[in-house]
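Just the one chain here, laid out as structure tokens, in the form predicted alone.
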Amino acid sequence: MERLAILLPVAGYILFTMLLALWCRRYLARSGGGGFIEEYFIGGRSMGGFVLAMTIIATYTSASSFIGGPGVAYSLGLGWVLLAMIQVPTAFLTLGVLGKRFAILGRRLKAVTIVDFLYARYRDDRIVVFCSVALLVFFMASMLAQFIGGGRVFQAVTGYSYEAGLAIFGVSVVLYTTIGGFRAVALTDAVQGIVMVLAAVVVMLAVLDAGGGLANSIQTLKATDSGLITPHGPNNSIPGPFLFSFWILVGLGILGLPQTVQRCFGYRDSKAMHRAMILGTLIIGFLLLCTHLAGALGRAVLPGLESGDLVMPTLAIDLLPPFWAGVFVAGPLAAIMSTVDSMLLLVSASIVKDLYIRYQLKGDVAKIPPRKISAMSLGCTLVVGLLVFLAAFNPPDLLVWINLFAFGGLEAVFLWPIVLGLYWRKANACGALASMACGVGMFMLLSITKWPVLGLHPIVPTLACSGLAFAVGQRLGRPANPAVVRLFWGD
């Protein structure tokens, strides 16, 4: 009976996302040719402010926000909560720096994907191939973290098998992404954002109630280990260089994440963008504070748990009634699904739009019927989803580190070509290629060898070197095409 009570909120939520996807399907049915491409991959550029804010939040937050991050906060205390709050400006920074210019150029260039934009800016086929391969590799790593997180949460809270959890949300996310395209992804992201906030509030209130309030819980943490209430954690486990690294990795670096940057193509007008900047900042701050604070204070309520990805599910089981435990399960599943759906859609777009249509059909969309695009997208989604699903059967621990690896790899490839391509007229293809090659090479080298560079996360020296490589490549390469400069800057 308890299992049924837990499953009810999850089943209701999944059913609603499917119905929403079917409703969105009618927009695809009314489009054709190039219109189908734009509708399927960016929702006809029609997102309003609330949906834009929620889809950025839902795409950015993931299993690490609900499971991995709070699990680390359980071990390191309030210092990790402070670290997590670095992510608060995500929506404001993405839309403030990239949003308006991306929207204008997207319409001018008829760009549907990030790779569309980069090709239009640099006019080099090698960039298209490099970016497409990078998307596949690092999205696979990130989706692996999401699949593992979903399976673990489902298993820990419901008592059903890890594989059953993988199957339930894996099949669901593949189906509604394929059926409804970007519009279904964006609208379900908005619903998922609401579910995530509700789940975060539920578990936070339960922890506070069990701990006798905020002040009492903090006093208990202090009595356990005074380091748990300091910015640097027990035994200085969060050193200064690591703090600085996080400002780069989940602060400045988010400008290089294709899954969030892609949203800048799809909103309706400036009013929607400005509203999303405010709403997104407030909501993501509240969400991250609730989840990570619940993880940190959970140590005062249930001390002695083994730190890691099962901390939050254990808190939910022990502190919540079955129905509300089901609501909690729906929260991380929503975070996972909203991240995976965006990545699956971008993988499909990369293969279908950036590679097949660009090179096989020479950019002529009229040569391919909408039903074939849909079928190809389904095939790509199923293959990638199946590969990740199989990899998730032997899961490592601590999703947060897998997720941060994927974040870092994407930022190493995309950050400077996107930002400098938007704002530096002299940026050229040679500089972009040098930056991408140096960035991914340096990041992989430092991540694999674990070489310490002043105690910094690998992304910091990586972005410094890739930025320098861009400047050197720009000097050595041919100047930017004057026609491209006129197209981008109007003179």
Partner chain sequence: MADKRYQQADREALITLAMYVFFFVWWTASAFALGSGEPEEYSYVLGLPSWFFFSCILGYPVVTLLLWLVVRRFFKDMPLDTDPTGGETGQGGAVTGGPAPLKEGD
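Positions refer to the first chain, counted from 1. Quick caveat, the model's predicted, so the values are computed rather than measured.
This next part talks about the form predicted in complex with its partner chain, which is not shown.
Pick from 278-286, 405-413, 167-175, 384-392: which stretch has a heavy atom within 4.5 Å of its partner chain in the predicted complex?
-> Result for this chain: 278-286.
With the cut-off set at 4.5 Å between non-hydrogen atoms, does R425 touch its partner chain in the predicted complex?
-> Taking the distances in the predicted complex, the answer for R425 is yes, it comes within 4.5 Å of its partner chain.
Contact between V81 and its partner chain in the predicted complex at 4.5 Å, heavy atoms?
-> The answer is yes: V81 has a heavy atom within 4.5 Å of its partner chain.
Mark P322 yes when one of its heavy atoms lies within 4.5 Å of a heavy atom of its partner chain in the predicted complex, and no otherwise.
-> Contact with its partner chain, no.
is_contact(L344, its partner chain) in the predicted complex, heavy atom dist at most 4.5 Å | No, L344 is distant from the partner.
Report the residue, out of S270, T224, Q360, S161, that has at least one non-hydrogen atom within 4.5 angstroms of its partner chain in the predicted complex.
-> The option sitting close enough to the partner is S270.
Select from the listed residues L293, I418, V207, A200 the one whose heavy atoms reach within 4.5 Å of its partner chain in the predicted complex.
-> Spelling it out, the residue with a heavy atom inside the cut-off is L293.
At a 4.5 angstroms cut-off on non-hydrogen atoms, which residues of 114-128 are near its partner chain in the predicted complex? List them in order.
-> Contacting residues: A120, R123.
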